[in-house]
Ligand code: 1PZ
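Consider the single chain below, provided in structure tokens and representing the form predicted on its own.
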């Protein structure tokens, strides 16, 4: 799936809803589809989120290459990917900047920021400052993984964010109340994917991959 086109919150909801199997496996195809939807959300907000959306695009493309590659059968789910890459030894896992585990870890950290930000938009008031919601979400997630100069630039950029209603209009699902309702439907699915991934990576000591 290409990253072109308008953002659709419905598309993100459907993708993340289809991510988790009955056995609590996270399927990579819908996971990456959900990420393309989130990237369109970031891109629709202009240059403010450029530094995050460009990185996310690069990471999603790496994962798509893994899915389409010779070892694609091992990249059907996050669980099968972790098992396969760990079987090749820790040295190769840590030495390969394009390993699936390292790449997903970067997306995983950004997903927490987006999850917190979307939840802040959902629960905020009409006059809530989106710059504050975004900065608080960033500080509680991605900031700890970024150098000071990036943190400073991000915090400054967030000051230029549009109003909460403008954000809700970008969701493309009707009036703000409808967008809030759909966020309430979508966020638990994103939280579920995040939680399972966190548990899986913690279990295999992968949360601090360089």
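Values in this document were obtained by computation on a predicted structure and should not be read as measured data. Positions refer to the first chain, counted from 1.
Another form, the form predicted in complex with this ligand, is not on view; read the next lines as being about it.
Considering 129, 94, 106, 122, which brings a non-hydrogen atom within 4.5 Å of this ligand in the predicted bound form? When this ligand is considered in the predicted bound form, the option within 4.5 Å is 106.
Looking at heavy atoms inside 4.5 Å, which stretch does this ligand contact in the predicted bound form, given the options 51-59, 24-32, 172-180, 64-72? Contact criterion met by 51-59 only.
Flag residue 150 as yes or no: does it have a non-hydrogen atom within 4.5 angstroms of any non-hydrogen atom of this ligand in the predicted bound form? Contact check for residue 150: yes, within 4.5 Å of this ligand in the predicted bound form.
Are any of the heavy atoms in residue 101 no more than 4.5 Å from a heavy atom of this ligand in the predicted bound form? Result no; residue 101 lies far from this ligand in the predicted bound form.
Any chance residue 110 has a heavy atom within 4.5 Å of this ligand in the predicted bound form? Yes, residue 110 sits close enough to this ligand in the predicted bound form that at least one of its heavy atoms falls within 4.5 Å.
4.5 Å heavy atom contact, residue 36 and this ligand in the predicted bound form: Residue 36: no contact with this ligand in the predicted bound form.
So, a 4.5 angstroms cut-off on heavy atom distances: do all three of 45, 138 and 154 pass it with respect to this ligand in the predicted bound form? Affirmative, all three are within 4.5 Å.
May I ask you to list the residues of 135-174 that have any heavy atom within 4.5 angstroms of this ligand in the predicted bound form, in sequence order? Residues within 4.5 Å: 138, 142, 146, 150, 154, 158, 161, 167.
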